[in-house]
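A single chain comes next, written as structure tokens; it is the form predicted on its own.
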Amino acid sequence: MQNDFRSIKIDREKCQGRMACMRICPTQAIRVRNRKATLLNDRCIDCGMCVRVCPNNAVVPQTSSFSDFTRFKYTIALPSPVLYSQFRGEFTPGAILNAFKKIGFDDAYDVACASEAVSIAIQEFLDNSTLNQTYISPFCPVIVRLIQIRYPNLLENLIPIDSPMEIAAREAKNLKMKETGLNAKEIGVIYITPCPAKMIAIKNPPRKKYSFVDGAISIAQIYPNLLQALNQQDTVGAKEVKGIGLGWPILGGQVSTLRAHDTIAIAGIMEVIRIFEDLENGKLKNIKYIECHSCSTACVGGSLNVENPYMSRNRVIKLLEKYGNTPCQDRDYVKNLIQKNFFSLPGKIDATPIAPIDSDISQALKKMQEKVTIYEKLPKIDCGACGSPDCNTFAEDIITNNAEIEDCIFVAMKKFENLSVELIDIVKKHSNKIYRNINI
């Protein structure tokens, strides 16, 4: 069943219809009519590219607010490893974790260590898999959503391993339940996210009935409070954060421990689409695992970050040089958890294809022919002035009664030109009749 919740919404009061969001959307999920943008939920993949480019900040991420967590007796911050790259070098990951207690959280739990465990789980899965197929990383919700909409044949290629976010949330919640005596509903786990898409993984987690995460706050939203706390606190006694999981926010972070000739890492929706096309067409040979990121610079390029993604990447590399060589996880212990299916996700991910033009097949075929006829009348320059991203989607919008052909400025001008010629001919015709009957 398709979930209508999307991780972004358009504030129509702020929107001025400047079309930047429509032009950048990789799935043609935005239309602009009467100077207001509209989101087509069934096409949106929650990539957040529109958030990044809107000049009026009218595209709003649907993350949680601090007030949402007042219902919990105990709160745990679960920061994405991206967060460590948003601060200057003198602030260690451990100090950043400690700072959460200064701003109101009861505790903070590191996700980078869970990322290392998941890296080990991926390698073990690939080593033991008897299927001759290429597996795809499912840890970016945008990638999962893209496959659900456009590449349903690849759903079985998504590796059935839980995300570091979920692994860390489960461990943190269970640990605090034992320590405090509280039940699961009284403990709130809040993910500190670099992108709005994580709300999809929380609201509608793939293969699972529910998420262990109770909400998400953007890095940009929490950053000022953390920075102030870091500038004031004593970092002595900070938690130790280490391991290769610190590299997950950058391209290649997931596959850094895997055999290089068996894997590839891709960033950016358009590049991912190209690889998926090749995979579907059987052109991708001898590749066991594809690490996919929707953002062009991987997670350090998330739309809810505060730092330049290239500076962030540089800091991640420095963190890896300083802390990455010391393992966070005991490999034998992780292997034992793997045997107990600790990381496994056996459920099925359903396809959520775009709604057809018409539910009746004969009508749908008729409308498709009408679409072709309309398209041939259009200029085919994809200017977007009509409020649709290109001429092809504009033709579809017309047959679904979401636009009129006169919305195309070129068609409208041609019609006006024809009307003008016809009007001039009529005026001349009547003028001649009049002039023959009167003397001027």
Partner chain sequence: MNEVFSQTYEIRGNDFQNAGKVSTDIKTLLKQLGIRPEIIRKVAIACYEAEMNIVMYAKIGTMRMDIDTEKIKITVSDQGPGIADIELAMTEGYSTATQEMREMGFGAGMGLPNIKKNSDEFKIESTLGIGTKLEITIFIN
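Throughout, rigid core stands for the largest set of C-alpha atoms superposing within 1.5 Å between the two forms. This structure is a prediction, so every number in the text was calculated from the model and none was measured. Residue numbers count along the first chain shown, from 1.
Keep in mind that the form predicted in complex with its partner chain is not shown, yet the notes after this line are about it.
- prompt: Of K203, R150, K176, R315, which one comes within 4.5 Å of its partner chain in the predicted bound form, counting heavy atoms only?
  reply: Of K203, R150, K176, R315, the residue with a heavy atom within 4.5 Å of its partner chain in the predicted bound form is R150.
query: Considering L126, L365, L182, I264, which brings a non-hydrogen atom within 4.5 Å of its partner chain in the predicted bound form?
result: So the residue touching its partner chain in the predicted bound form, by this definition, is L365.
Heavy atom of K283 within 4.5 Å of its partner chain in the predicted bound form: Yes.
query: Looking at the partner-bound form in the predicted bound form, is P327 within 4.5 Å of its partner chain by any heavy atom?
result: Outside the cut-off, so no.
message: Would you classify E156 as touching its partner chain in the predicted bound form, given a 4.5 Å non-hydrogen atom cut-off?
response: So E156 counts as contacting its partner chain.
message: I'd like to know whether Q232 contacts its partner chain in the predicted bound form, with contact meaning heavy atoms within 4.5 angstroms.
response: Output for Q232 is no: heavy atoms all beyond 4.5 Å of its partner chain.
query: Any idea which of 117-125, 335-343, 134-142, 349-357 reaches within 4.5 Å of its partner chain in the predicted bound form, heavy atoms considered?
result: Careful reading of the contacts points to 349-357.
query: Are there residues in 367-405 with a heavy atom within 4.5 Å of its partner chain in the predicted bound form, and which are they, in order?
result: The stretch 367-405, when checked against its partner chain in the predicted bound form, contributes M368, Q369, K371, V372, E396 at the 4.5 Å heavy-atom cut-off.
- prompt: Comparing between the shown form and the other one on the rigid core, is the C-alpha shift at N325 2 Å or larger?
  reply: Shift at N325: below 2 Å after core fit.
query: After the core is overlaid between the shown form and the other one, has the C-alpha of E370 moved by 2 angstroms or more?
result: Shift at E370: 2 Å or more after core fit.
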